[in-house]
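One chain is shown next in structure tokens, namely the form predicted on its own.
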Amino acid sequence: MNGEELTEQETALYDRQIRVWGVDAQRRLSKSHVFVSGLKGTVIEFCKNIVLAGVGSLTLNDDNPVTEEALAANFLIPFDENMGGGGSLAELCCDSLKDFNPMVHVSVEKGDLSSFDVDFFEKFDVVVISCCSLAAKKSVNEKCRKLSKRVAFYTVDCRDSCGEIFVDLQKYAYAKKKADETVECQLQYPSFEEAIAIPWRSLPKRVSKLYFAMRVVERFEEVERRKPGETSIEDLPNVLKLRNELCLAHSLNESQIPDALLERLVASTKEFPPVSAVLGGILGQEVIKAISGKGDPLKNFFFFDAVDGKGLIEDISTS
């Protein structure tokens, strides 16, 4: 990021990667700073991938204690009878990630995500948040957009066998190869708040049903003041009622948000490890693209459902 060259040690360690995406891309990676909040299975997969790829630094934020559910989805937590020995998720994951690649500086930032002001995010090039409320997604995205430099913003959510990634690269320029020449391209991204505010009736009919279903569950948690994932099968009647109200308001047929899909999202909020691996891999790949400026980046939603095994990219924006 600041023009520094790779050290001999970095060049030797990342030799294979340099052969794939070039020394300039690796240099950018090695000078980049990434912030991650919400350390569940999908984000852990992502952290592993970018630490192995060789980012400059990774800052972890998650003050939650270790639970049995976390142990089931987080391979970075050392198993012991004391459930992690009393440390927070971020502290335990930090210790494990340092062993993956000693050349990456991994640290912990304590505090609630909502307590960090605009200036806090100035020191990062990439911000990834997960397991947070609708209000937190909007707020952190907006703070990143207020900065004088461009900070790549991502949200990722995995519920049972379904997952969603959202990307905001603001005004983003990148290079791609076309035939025998390199072409300069540019994309304009909407914020998360702008993207979900687009009327459903104006979206193409082919848009993933998972997009609508995630918005319904998100809205339900906000109305009921629930933390992300704090739903159960007992909530399904009220979730379906809210679905009907939103469909009526947006002139959308209720069949676009099937009962069975909503039931899966509210009844089983634990992450399905194979889906976490897929989403974490895609997210890592996209962050590497954003940092290096090489390759077509995802715009702006990615959905994956293990039931049909399909991954779909949806450009939900006004431009």
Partner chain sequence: MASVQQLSAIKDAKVLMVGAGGIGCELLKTLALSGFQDIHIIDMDTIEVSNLNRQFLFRQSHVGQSKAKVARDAVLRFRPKINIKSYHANVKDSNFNVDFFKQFSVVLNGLDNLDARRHVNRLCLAADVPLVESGTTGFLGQVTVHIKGKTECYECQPKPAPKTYPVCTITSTPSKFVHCIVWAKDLLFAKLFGDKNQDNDLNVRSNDTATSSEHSEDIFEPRKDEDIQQYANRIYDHVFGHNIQTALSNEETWKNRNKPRPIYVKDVLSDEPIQQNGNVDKLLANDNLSSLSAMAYLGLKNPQDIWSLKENSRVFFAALKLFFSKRQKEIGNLTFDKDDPLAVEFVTAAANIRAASFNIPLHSLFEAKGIAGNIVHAVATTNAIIAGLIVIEAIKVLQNDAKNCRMTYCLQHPSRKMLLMPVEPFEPNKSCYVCSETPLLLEVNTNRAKLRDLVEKVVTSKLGMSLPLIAHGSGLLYEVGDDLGKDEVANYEANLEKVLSELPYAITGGTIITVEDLQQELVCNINIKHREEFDEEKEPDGMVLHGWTPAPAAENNKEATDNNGASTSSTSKPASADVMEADDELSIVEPGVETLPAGGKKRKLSDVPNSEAPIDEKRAKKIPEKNDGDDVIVMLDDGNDDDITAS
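All values derive from a computational prediction rather than experimental measurement. Positions refer to the first chain, counted from 1.
The same protein also exists as the form predicted in complex with the partner chain; that form is not shown, yet it is the one meant from here on.
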Exactly one of Ala249, Ala173, Ala72, Val183 comes within 4.5 Å of the partner chain in the model of the complex through a heavy atom, and that residue is Ala72
In the model of the complex, the residue from Val216, Ala195, Ile77, Val151 with a non-hydrogen atom within 4.5 Å of the partner chain is Ile77
Open item on the list: Lys48 versus the partner chain, in the model of the complex: is there a non-hydrogen atom within 4.5 Å?
Closed with: yes
Self-check item: the partner chain contact in the model of the complex: Ser255, any heavy atom under 4.5 Å
Solution: yes
**Study point:** Asp160 within 4.5 Å of the partner chain in the model of the complex, heavy atoms
**Key:** yes
| query | Wondering, does Leu58 line up within 4.5 Å of the partner chain in the model of the complex on heavy atoms? | reply | no
Partner contact check in the model of the complex: of 142-150, 96-104, 240-248, 187-195, the stretch with a heavy atom within 4.5 Å of the partner chain is 96-104
Flag this candidate site as yes only if Trp21, Gly281 and Glu314 all have a heavy atom within 4.5 Å of the partner chain in the model of the complex; otherwise mark no. yes
Those residues of 250-274 with a non-hydrogen atom no more than 4.5 Å from the partner chain in the model of the complex are Ser255, Pro258, Ala260, Leu261, Arg264, Ser268, Lys270, Glu271, Phe272, Pro273, Pro274
